[in-house]
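In the form predicted on its own, a lone chain appears below as structure tokens.
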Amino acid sequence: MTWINAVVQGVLIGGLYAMFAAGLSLIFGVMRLVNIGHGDLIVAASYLAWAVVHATGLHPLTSLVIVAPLAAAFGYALQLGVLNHTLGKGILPPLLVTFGLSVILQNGMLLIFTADTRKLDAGALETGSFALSPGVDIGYLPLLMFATALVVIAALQFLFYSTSLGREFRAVSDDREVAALMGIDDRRVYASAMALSLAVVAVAGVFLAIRSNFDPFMGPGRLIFGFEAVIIGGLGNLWGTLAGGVILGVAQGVGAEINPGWQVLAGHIAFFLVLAVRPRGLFPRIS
């Protein structure tokens, strides 16, 4: 049962990794942009939730009614005011600008919140669990994270393929110039995509803050987990992102069972093996 429990816990934590990755996958799918500052944006959302909770007394999950719209507004302004100017000029300008964003976010969080670790207290949600079978316990928080990942990815999939905004996303992704000739404002569409991405980032940031301590320098690690989940699942494939998160989580769970020091390493090994066998990921999006 020990190994079964490791796999089950890995599947559940994979939901959090999928939320780390969903925003990356969406942005790459729409504008072929890799956001180096994505992990730091997740941590910034955690700090924003911490500030909102301590200012208002709201439950951490309830704070999302404030945190998510603020994050979306920031994403819209960031894309419209900064990142749009880097697109169409090669791969390097967006990478450099988002790397600069990462540095600014890390130092800004350090200046405002200091290097002390923080955490959000969600009460019984963090410690409560039920027995699935002898030796296999399911925590309410991991189960909620996985269920939320399913809802988030299903909602993004519906929006992408069943709404007018989704049609605009696909149009500018397929051919930006032709979409512009059809009257689609690609700058606004890209800004909407980034706003949506950062709304998902806000959800991931709140769950991260509930699950573990966080500090201003955690961002690059979250970026790596998200990026690995995206690559394993297939760039631009939202459901593939969930599969990638689950594979990464299970690999880490099994690695930790073998040796606690191998937890993160096992995830990296799984990423390397998938990349070696399927360079485009397990479920690459068909262009």
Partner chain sequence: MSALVSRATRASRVAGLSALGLAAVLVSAPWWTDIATERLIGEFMVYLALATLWNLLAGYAGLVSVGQQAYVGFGAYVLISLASLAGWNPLWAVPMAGLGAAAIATPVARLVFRLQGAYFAIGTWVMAEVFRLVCAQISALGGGSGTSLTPAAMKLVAATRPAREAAIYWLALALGLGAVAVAYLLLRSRIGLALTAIRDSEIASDSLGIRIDRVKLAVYVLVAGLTGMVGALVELQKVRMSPDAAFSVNDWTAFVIFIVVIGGIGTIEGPILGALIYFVLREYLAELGSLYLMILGALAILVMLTAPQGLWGFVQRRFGLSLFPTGYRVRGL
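If you're wondering where the values come from, they're calculated on a predicted model, not measured in any experiment. Numbering follows the first chain given and starts at 1.
What comes next is about the form predicted together with its partner chain, which is not displayed.
J.: Where does its partner chain sit in the predicted bound form: which of 60-68, 47-55, 249-257, 226-234, heavy atoms within 4.5 Å?
T.: Every other range fails; the passing one is 226-234.
J.: Does its partner chain come within 4.5 Å of a heavy atom in each of 86, 110 and 262 in the predicted bound form?
T.: So, yes: the whole triplet contacts its partner chain.
J.: Quick one: does residue 28 come within 4.5 Å of its partner chain in the predicted bound form, counting heavy atoms only?
T.: Contact check for residue 28: yes, within 4.5 Å of its partner chain in the predicted bound form.
J.: So, in the predicted bound form, is residue 82 in contact with its partner chain at a 4.5 angstroms heavy atom limit?
T.: Result yes; residue 82 sits at the interface with its partner chain in the predicted bound form.
J.: Answer yes if any heavy atom of residue 158 is within 4.5 Å of a heavy atom of its partner chain in the predicted bound form; otherwise answer no.
T.: No, residue 158 sits far enough from its partner chain in the predicted bound form that none of its heavy atoms falls within 4.5 Å.
J.: For residue 36, is any heavy atom within 4.5 Å of its partner chain in the predicted bound form, or not?
T.: The answer is yes: residue 36 has a heavy atom within 4.5 Å of its partner chain.
J.: Please pick, from 154, 92, 124, 77, the one residue with any non-hydrogen atom lying within 4.5 angstroms of its partner chain in the predicted bound form.
T.: Only one listed residue qualifies here, and that residue is 92.
J.: Could you check which residue among 96, 115, 73, 147 gets a heavy atom within 4.5 Å of its partner chain in the predicted bound form?
T.: Of the listed residues, the single hit is 96.
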